[in-house]
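Quick heads-up: it's one chain on its own, the form predicted on its own, in C-alpha cells.
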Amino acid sequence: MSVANDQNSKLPGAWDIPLEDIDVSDPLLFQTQQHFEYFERLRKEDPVHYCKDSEFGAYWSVTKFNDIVAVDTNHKAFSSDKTINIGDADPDFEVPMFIAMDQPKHDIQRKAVTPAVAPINLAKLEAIIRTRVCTILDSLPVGESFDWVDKVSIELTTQMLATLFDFPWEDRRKLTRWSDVATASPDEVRPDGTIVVDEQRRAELIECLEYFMNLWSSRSENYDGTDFISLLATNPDTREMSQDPMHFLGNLILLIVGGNDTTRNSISGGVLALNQNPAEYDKLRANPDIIPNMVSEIIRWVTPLGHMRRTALEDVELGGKQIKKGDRVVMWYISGNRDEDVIENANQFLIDRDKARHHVSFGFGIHRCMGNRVAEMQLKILWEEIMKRFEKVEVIGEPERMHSNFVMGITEMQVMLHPLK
C-alpha cells in the first residue's frame, strides 16, 4: 500500500502551520480524519480562504454554512460548467454531465430523469426496498465478524441502482465497480486491491458506456419504463444523447455515483456514529420512532460528498474577500455541516436534534440532490428492519477510509451482530 493510502501517515496539525499555507484539498486529511480541525480553524480565522498553490492549482475554500448557501444559489455569479470537482476536467477525456452544466442545459436534462425518483415512483419503490432490506439482513451471520460495507452498504445500494436503471440483475456489481473507478483518486489502492490509473479508468468507463449503449438501443422505441435509461431514451429533449457518447457517459457516471456512493457511505457512517456515541444508540433502542429524524442527522454527520466546486463568472465579494472572474470556488459541505453559528452543538451526533434536516449535504439551488428522498427512504427502512432484529450492530476495530477529498467513503468496516435479547 502506498504512503498516500497509509492511514497511519499524518499531516501537520491545523494550528502548526501558517494560515496562508493551509491546503484542505489533500485527500490524506480526510482519510486520516484530520480535516475537522483544519476546517474548524478556517471557520474561525478565515472562512473564505485562498489557497495559492495545491495539486489542483489555486482555489478558494468556502467553509461556513450561510456562505455555502450563498454560493450554491447564486447561479449568475458562480458556474458549474465543466466540473464540480476542485481539479479541472481532463481535456482529453471530457464527459459532460448535467450537474456540471448551467441553465438551461442543466434543467432540461435533469427534468428528463427526475420522474424515476418522483413521489409516485417512490411509493412503488418502498415495498421493493423493504423486501430487499429484509432479505439482506436475514442472510447475515450473527455473532461473527463480517464486512458491513460489502454485505450491506454496497449490496443494498447496488440493488437500488439496478432497479433505477432497470439493469441486468446478475451484472449489478458492475455498477459498483464503475462508481468506484469514476471516483478513485490517482494511484489509489481500491478495496479490491487494484490501483486505478488513468488508462485503466478510461478503459473501464468505456466498458460502462458500451454496456449502456446496448441497453439504450433496446429502450429507445415504444418503451414505457420509468428507469433512467428509458426516460432519457424516450424524452424528446434527450433522446439524441446516445449520438454523443461521451455526453451519455457523463450522465451515466453522475447517476451511478449519485445513487451509489452517497447512500452507501451514509449506511456505513451511521452504524459507526452510533457505535462512537453509545448514548445515542440507547436513545434509538428506547424509541425507534426517532429513526426518520436520525436519518437526517446521519446524512449531516457523514456528509457523503465533501465538496462541490464552482467557477466565478464575474468579480464578486464574499465574506469580505474579492473573488476574481475565473477563480475556483470550493464549497466545503463537510465544513458547513459543522458550523456552530448555524447548527447548535454541530460537533455532536444527536439523533433527536431539532431541525435535523437543516444541513448542506444535499446542496441548494438548481443542483440540490434530486435523489435525496430515495436515499432517506433506504436509510429509514434499513434502520427500521435492523431494530426489529438486532440489539446492536457492533463495529469491530477501525474502519478503512477512502483516500479522497470528494467522497467521504468507508471502504471496509468489520462488524458483529448481536440479536435482540
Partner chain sequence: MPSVTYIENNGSEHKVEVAVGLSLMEGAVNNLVPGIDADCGGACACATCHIYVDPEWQSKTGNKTDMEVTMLDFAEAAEETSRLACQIKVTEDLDGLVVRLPIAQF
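Computed from a prediction, not measured in an experiment: that's the story for all the values here. Residue numbers count along the first chain shown, from 1.
Quick note: we don't show the form predicted in complex with its partner chain, though the next part is all about it.
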Select, from the options 89 to 97, 111 to 119, 310 to 318, 287 to 295, the stretch whose residues sit within 4.5 angstroms of its partner chain in the predicted bound form by heavy atom distance. 111 to 119
Selected contact from Ile366, Val395, Leu28, Val48, since only one has a non-hydrogen atom within 4.5 angstroms of its partner chain in the predicted bound form: Ile366
Just give me the single entry in Leu42, Leu379, Ile386, Met370 that has a non-hydrogen atom within 4.5 angstroms of its partner chain in the predicted bound form. Met370
Though only this chain appears here, would Gln103 touch its partner chain in the predicted bound form if you measure heavy atom gaps against 4.5 Å? yes
Mark Glu340 yes when one of its heavy atoms lies within 4.5 Å of a heavy atom of its partner chain in the predicted bound form, and no otherwise. no
Any of the heavy atoms of Glu344 lying within 4.5 Å of its partner chain in the predicted bound form? no
Do Asn277 and its partner chain share at least one heavy atom pair within 4.5 Å in the predicted bound form? no
In the predicted bound form, which residues of 60 to 78 put a heavy atom within 4.5 Å of its partner chain? Val69, Thr73, His75
